[in-house]
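What follows is one chain in structure tokens, specifically the form predicted alone.
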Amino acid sequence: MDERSEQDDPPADGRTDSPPADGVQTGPQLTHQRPPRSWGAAAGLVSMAAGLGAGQLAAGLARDLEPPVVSVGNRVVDAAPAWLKTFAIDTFGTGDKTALIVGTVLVLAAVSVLAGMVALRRSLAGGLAVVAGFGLVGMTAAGLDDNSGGWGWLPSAVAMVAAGASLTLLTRLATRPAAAPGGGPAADRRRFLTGIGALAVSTAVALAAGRALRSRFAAEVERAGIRLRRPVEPLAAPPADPAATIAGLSPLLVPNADFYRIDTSLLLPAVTVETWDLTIDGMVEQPLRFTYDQLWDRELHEYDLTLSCVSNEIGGDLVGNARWVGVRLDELLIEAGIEPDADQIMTHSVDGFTAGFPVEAALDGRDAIVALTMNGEVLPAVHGYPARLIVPGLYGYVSATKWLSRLELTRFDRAQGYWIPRGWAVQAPIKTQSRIDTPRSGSSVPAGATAIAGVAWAPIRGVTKVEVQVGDGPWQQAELGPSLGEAAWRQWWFSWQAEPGTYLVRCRATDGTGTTQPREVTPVAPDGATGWHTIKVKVER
């Protein structure tokens, strides 16, 4: 039986006030005590935060440097197979980049907790080894960035050193030496919490300073000072928009803030027109280079054009129509002179993205442009400022390059765009599609007159007819909204006298060639989805 009393147990703080054997009291003695696991987790997380703050600060030193999390995330995007990217877009939509960053931070947090526990409860060297391993991953990922000028590894290296130094400091602050011979180190809560607080404050300062440094590369201030120029033949004001009277119907022109965004960049490229230019080279008779001001000084043209992402599911919202102003692509190419053997235009973005499409698509009369404005304002940064390419009739992954920096004339047997080796089709004409905007699938509507309405698009063929089927009834023709041209979408609506019950409602469009949207359902990969958009609606009494 254990005959020790409670008075024989040392206090929880590791001190013992019992006198030595000779009866002389020499003061409190510290006994060995390992810090609790929660201290290790806290030390790891705070050290990770300090490293990210230092990395953010380092990334603010130059335009082409990326914070560590962004470097790793971008390389994950580059390496991910096509099915995983499709899953991310289907699951998170335009929030797929945010989801990736959050996932990267959560993984980093888990690794940091492990490093902190190892450092405080096992071995500081072991914890530092975990930090170093993750730091090397970040440095390697950043080193794969061709746009970094050879210094892409720097923010991750700074983050690794800062995280390691922070972990070392907190480990030493967590314990203090014994106060008497024979005593081991004891946990020191006050010193540890003081260190945690000091690092938290310095991390916040570093993050704020890093963001401030990067803000000098931001485009918003620069955009605000750019004076718009009128196109040679301005379009008439848009006609009355039926969306104003039909609740839930998409507008003729989608506002910039609501326009979909899909791209491979986790961080918006920091572009300034002072250093930006557009180059046309490759298989041309005379390479050309244009500054931003030189593009503005050329003849500008205005068009209403619909863009669509190949990842847009039937009924999806990765499509939009806007009014664009820019320089005609065919005029630029004719000026450069295209060699007869060239059959592909490879477009390059400042962030390294590439996309290629047939030369004939730029020269067949469609309104392909290097766009400078969107819906009456300078091109927003998220949509490609200072310039982006728009080739009507082609899915964005082969043509709609944002932050455009180069047009390279080449051949399909010599070069491939970013998405082609990842399993997507080389040729990517936008398929005829239609979508029901209202009522929403799964909703309930009252009996009586109900508007079924939506949009349909078939750039550059145009939409000539939209039909609606309710339940097993016949296909009935919907009314078409105003036309903004064959490259823009059309609104449509149908007045339904709804009777109580549950119904499946479908729509299908017919384009200017007489081809009707097929019923067969196919996935988005490798060249765009097909099928009739179908919703389920309950009509209540």
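Predicted model only: the values in this text are computed from it and were never measured. Throughout, we count residues from 1 along the sequence that is shown.
Keep in mind the form predicted in complex with a small molecule is missing from the figure; the text below concerns it.
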### Task
Can you check 160-168, 380-388, 239-247, 428-436 and let me know which stretch has heavy atoms within 4.5 Å of the small molecule in the predicted bound form?
380-388
### Task
Tell me whether Trp457, Thr510 and Thr522, taken together, all sit within 4.5 Å of the small molecule in the predicted bound form, counting heavy atoms only.
no
### Task
Check whether Thr306 has any heavy atom within 4.5 Å of a heavy atom of the small molecule in the predicted bound form, and answer yes or no.
no
### Query
Is Gln344 close enough to touch the small molecule in the predicted bound form, meaning at least one heavy atom pair within 4.5 Å?
no
### Query
If you check in the predicted bound form, is Arg211 within 4.5 Å of the small molecule, heavy atoms only?
no
### Task
Indicate whether Ala400 is a 4.5 Å heavy atom neighbour of the small molecule in the predicted bound form.
yes
#### Entry: Sole residue of Asp263, Glu467, Asp367, Asp188 within 4.5 Å of the small molecule in the predicted bound form, by heavy atom
Asp263
### Summary
Answer key, the small molecule contact in the predicted bound form at 4.5 Å (heavy atoms) among Trp296, Phe259, Trp276, Trp151: the residue is Phe259
